[in-house]
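This document starts with one chain, in the form predicted on its own, laid out as structure tokens.
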């Protein structure tokens, strides 16, 4: 594989992981516009643990993810007191605070950035990404995943049926932080340099689009959304002058045709329908 396509694959893996970090809160009815903040915490934490503390790279990635998850857990309580657009603004404000903190911390190089020694190639990044994808798919089949879907669809009704909505949302938000930390660690160890300007509002917006365009109803949505947003601009390079115009038109058309996202539960049920044998209804003798 050429260096160019290796770089594209690394960016694709990063986008997939960060998309799932936003999907987990979204699956329980929370829109997170602060993904860049969590990714920055994971990148700096993992890079510092690896470079300054001398920990092995995989251990640094794990610890960076745990640090990010802890931060997500702590801030989930005040953020989850908000609803709708106010939650979006609260998570956006968090990302701005994180950016302001790191840009002034000399221990992390401040505005100049922070060099990371250990390098992660595709042999490390791809298994991490696959692990995140498998974990999210498995999570959505568990009782917690079913609770997240129930809260997403109708929180009052889910609570009425015994779902602990606050516990479900805090857990989803915390797990989203852990996954974002993994994404940040992938960025830090693949580019070997962390600069806070890379983790701005545009990153948060793009990642949220991956999830919303792909669909929040199933775990396939973020995967499809991240693949589309990463590879389609590369495919459109044949028309360098018009590729972003064409790409923008495609996004608008998808939002019009598929407002619930590219992948929905109904679509998956239709696809799986012919392959699932339904048991005939039992015959009751009169």
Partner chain sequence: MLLVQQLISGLMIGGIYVMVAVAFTLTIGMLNFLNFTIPALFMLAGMVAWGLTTVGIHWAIALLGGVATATIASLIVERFTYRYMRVRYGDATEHALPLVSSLGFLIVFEHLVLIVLGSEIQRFPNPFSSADFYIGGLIIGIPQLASLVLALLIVWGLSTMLKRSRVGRALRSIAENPDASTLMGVNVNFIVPVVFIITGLMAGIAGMLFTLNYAAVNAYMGDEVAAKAIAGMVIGGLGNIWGAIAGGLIVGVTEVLAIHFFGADIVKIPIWGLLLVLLIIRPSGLFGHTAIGKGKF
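Positions refer to the first chain, counted from 1. Because the structure is a prediction, the values reported are computed rather than measured.
Not on display, but discussed next: the form predicted in complex with its partner chain.
Enquirer: Does the 4.5 Å heavy atom contact test between residue 255 and its partner chain in the predicted bound form come out positive?
Expert: Looking in the predicted bound form, residue contacts with its partner chain include residue 255, since a heavy atom lies within 4.5 Å.
Enquirer: Find out whether any non-hydrogen atom of residue 124 is located within 4.5 angstroms of its partner chain in the predicted bound form, and reply yes or no.
Expert: The answer is no: residue 124 has no heavy atom within 4.5 Å of its partner chain.
Enquirer: So in the predicted bound form, does residue 216 come within 4.5 Å of its partner chain, heavy atom to heavy atom?
Expert: So residue 216 counts as contacting its partner chain.
Enquirer: Are any of the heavy atoms in residue 70 no more than 4.5 Å from a heavy atom of its partner chain in the predicted bound form?
Expert: It does not: once its partner chain is placed as it appears in the predicted bound form, residue 70 has no heavy atom within 4.5 Å of it.
Enquirer: Would you mind picking the one in 53, 249, 235, 59 that has a heavy atom within 4.5 Å of its partner chain in the predicted bound form?
Expert: Residue within 4.5 Å of the partner: 249.
Enquirer: Between the options 170, 203, 128, 93, which residue brings a heavy atom to within 4.5 Å of its partner chain in the predicted bound form?
Expert: Only one listed residue qualifies here, and that residue is 93.
Enquirer: Among 223-231, 59-67, 24-32, 44-52, which stretch sits within 4.5 Å of its partner chain in the predicted bound form, heavy atoms only?
Expert: Going through the listed ranges, the match is 24-32.
Enquirer: Using the arrangement in the predicted bound form, list in sequence order the residues of 79-98 with any heavy atom within 4.5 angstroms of its partner chain.
Expert: Heavy-atom contacts to its partner chain in the predicted bound form: 79, 81, 82, 83, 84, 85, 86, 88, 89, 90, 92, 93, 94, 96, 97.
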